[in-house]
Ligand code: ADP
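As structure tokens, one chain now follows by itself in the form predicted on its own.
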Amino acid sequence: MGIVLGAVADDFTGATDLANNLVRAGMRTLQVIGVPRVALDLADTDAVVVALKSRSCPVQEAVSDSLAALNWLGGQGARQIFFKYCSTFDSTDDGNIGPVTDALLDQLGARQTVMVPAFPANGRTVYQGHLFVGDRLLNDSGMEHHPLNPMRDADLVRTLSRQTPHPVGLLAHATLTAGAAQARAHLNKLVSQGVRQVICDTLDEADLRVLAATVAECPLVTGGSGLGQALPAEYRRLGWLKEVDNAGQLAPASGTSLILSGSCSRATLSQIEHFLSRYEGFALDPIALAASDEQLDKALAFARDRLNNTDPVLIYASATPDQVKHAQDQLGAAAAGERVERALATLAKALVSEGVGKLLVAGGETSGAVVSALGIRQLRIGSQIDPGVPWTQTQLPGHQAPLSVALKSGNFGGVDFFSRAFEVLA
């Protein structure tokens, strides 16, 4: 019969964000890292999320990788494709959201798709096409300081119009509240005008349910993970999905607890501050990392001295915008980020081999580097820590017990996330 939903996610934390909502809505979900090269047993799987590292890479690379994922998912019988990007619409004026969406539409032979970045449970809403983070417009939320994709325009119709040669439309809230039939009629009117990508206003869970009812049978949907929590109910209504118990059950966790953070978001900085009020942490500096291996050796020694007790250990390169700018001025933006990612990935590989069994990683780029270094190819999705962030598990070669992994988008999680995450797992 094949899987019901096949998702193409543009980074690793975004993939687990979507997978988390699918599991919570009753879909047995597997996350794979990159396009699988071997056959997978998907007998007890309703959804597969292919995690790519395509958010910030060159446009043509993002398009090529996304099409490869689409083709693989089509081969698994996926009834619907979901292109997952960040709820803060992270991109540049060249892409990659617009070009990838256009390429997926062309490959599927589809005429239109919706763009639903909103995730109300995490404070991401869209009104009159403008994206809000909490009560702030996107460009005044801290995202304007993002080191890779600074977001300085909250008008998503305008932002997306700079990424595609096709007209971009809006499904406004007034139309959405009239119900799925009215929303569908509006989309049909827009497609007759050549509008392929439609930004959708979304203020709450009720709006997500209307959108899901509107687009559940469309070949392609796109957005943040909010839409993912509403679609499974529609799949059941259509007879595509059966009820299952405990869709997110994992094996018991074991081993010591490690946090690696490369995110520089406001949320993560607050989480680090809260954690350091209770426990110790080790701060990495990209300039020192570039100078020698001494700081990396000190970080390893710090972790090894503390990983023999029950408390989680934190090593972080998260920094304020001024600190990030200083490092980028000294090393170059790309080189500074690469130094941090390489160091955190090296730490993960060494410490997991020495007994870390519960690993929390903060930041999309950092998560990608760590997952790649560990050679993780699959993640079974488990219970939620905070909206958008679940625990997952994988089995590494040569390890008797599974590794429990949480990949956190920088902007997600409450202020006590780093300490509470391990209480949830226990």
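Computed from a predicted model, the values in this text were never measured in an experiment. All residue numbers refer to positions in the sequence shown, first residue = 1. Here the rigid core means the biggest group of C-alpha atoms that line up within 1.5 Å when the two forms are laid on top of each other.
One more form of this protein should be noted, the form predicted together with ligand ADP, which is absent from this view; the next part is about it.
At a distance threshold of 4.5 angstroms between non-hydrogen atoms, G224 is out of contact with ligand ADP in the predicted bound form. The closest heavy atom approach of S263 to ligand ADP in the predicted bound form falls within 4.5 Å. In the predicted bound form, no heavy atom of T392 sits within 4.5 Å of ligand ADP. Proximity of P286 to ligand ADP in the predicted bound form: non-hydrogen atoms within 4.5 Å are present. Of the candidate stretches 332-340, 138-146, 247-255, 306-314, only 332-340 has residues whose heavy atoms lie within 4.5 Å of ligand ADP in the predicted bound form. For the options I81, A154, A319, A345, the one in contact with ligand ADP in the predicted bound form, meaning a heavy atom within 4.5 Å, is A319. Contact with ligand ADP in the predicted bound form, defined as a heavy atom within 4.5 Å, is made by all three of V324, E365 and G410. Fitting the two forms on the rigid core leaves the C-alpha of V49 displaced by under 2 angstroms between this form and the one not shown. Shown in the overlay between this form and the one not shown, fitted on the rigid core, is a CA shift at S261 of 2 Å or greater.
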